[in-house]
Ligand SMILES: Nc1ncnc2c1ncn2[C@@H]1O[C@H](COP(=O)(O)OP(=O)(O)OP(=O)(O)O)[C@@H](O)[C@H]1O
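Below you will find one chain, with nothing else, as structure tokens; this is the form predicted on its own, and questions on how it binds or moves follow later.
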């Protein structure tokens, strides 16, 4: 018996020392992290501690916690002096409040709250309570994301990374000096992370938003990065008829302004090249899908940019003009075919317009584009047209809120998946016209005519005659 008691005592001592060691290790690790953290993160530590302390109180007041109605009932019997007589049964129902468990940490921009969902409390409830959470946490904005089922990340932003504007100097090293030709840099997201876009397999990109909110700057950034390779050739169709891409004409395989007939002819030529490639892709590359090898000088990626595309697709604007209607229908048909069939033969088309409704860009084109980006818009319908119906379920990402803040000029919502979230907000880099023009002049010698390529086994085939 004595031996057994000693063993129990020893076990308690070991458990006590293990618990003390664990607590001491947590304290030491926390102190080390605080010591090495940047000052921007250190000043958010008190806020993170306070959020952790008041979480249960706050979650109850925001209806993010509830009393579990399915608790076991505890039965207690009070017996009288005689068994079976004067028996009183007392039922006591235990109440338990269910809270989403959280892990709170500070970062350089504010606080990050990792949360486990509970029944009746998920992403929708947190989205609805985001404004109240921002007020309680003294944050400018609260962003909710879902990395995986059952887990949410609620981010309170005291300093918004999307507010800080930047140019080429603020992008990752080598982005504009030695860029990856088929994985261009898009911008910086709301977590301060740099985001890139893998072009393999993408046939269409739509870019929408009000004038002056970053569409042209994003296109100039993409041109700047893609222009430094023989394996990329451009087709520029400028619906403004202005000078945004004047210097890029020398770097482009083909270019035209806002003339309907010229745009229709240009798109027909691009479509003819696509048909030729589809008929001869195996002979030219050795693969049915040319992305298996990737773009080369002999089989380049064709990037067609249609700026202010409503100029070429709006049938109502040319109603009653027979010749103009013919050109508009040609532009619509050729563009739709490029988006639908160009994946395996390295054809990428980028469409820019202010409001991506069906009259500005036909749904046969818009709905087949794999990537959408949208700057500030006025209405929810315009956001849905640009990003799809799913944006209704993610109000914190909706670009209608971007118009209300002048410091969000250059910020876009993009259909780039992040965990379980189908959207992300990005600040695109600002590329000056002078820098873009200089890049166009420096890379003009890399222009080539991809329609002159012939298959080695079928030298008589002509792209224009396919």
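Numbering follows the first chain given and starts at 1. This structure is a prediction, so every number in the text was calculated from the model and none was measured.
One more form of this protein, predicted in complex with the named molecule, exists but is not displayed; see below.
Not displayed here, the named molecule is kept clear of residue 203 by more than 4.5 Å at the level of heavy atoms in the predicted bound form. Proximity of residue 329 to the named molecule in the predicted bound form: non-hydrogen atoms within 4.5 Å are absent; the residue sits far from the partner. Among residues of the shown chain, residue 430 is one whose heavy atoms approach the named molecule to within 4.5 Å in the predicted bound form.
By the criterion of a heavy atom within 4.5 Å, residue 48 is excluded from the residues contacting the named molecule in the predicted bound form.
354 is the sole member of 280, 262, 354, 396 with a non-hydrogen atom lying within 4.5 angstroms of the named molecule in the predicted bound form. For the candidate set 179, 372, 342, 214, a heavy atom within 4.5 Å of the named molecule in the predicted bound form is found for exactly one residue, namely 214. Figure note: of the listed segments 204-212, 117-125, 169-177, 294-302, the one touching the named molecule in the predicted bound form, with heavy atoms no more than 4.5 Å away, is 204-212. Applying a 4.5 Å heavy atom cutoff to the named molecule in the predicted bound form picks out 308 as the lone residue from 308-340.
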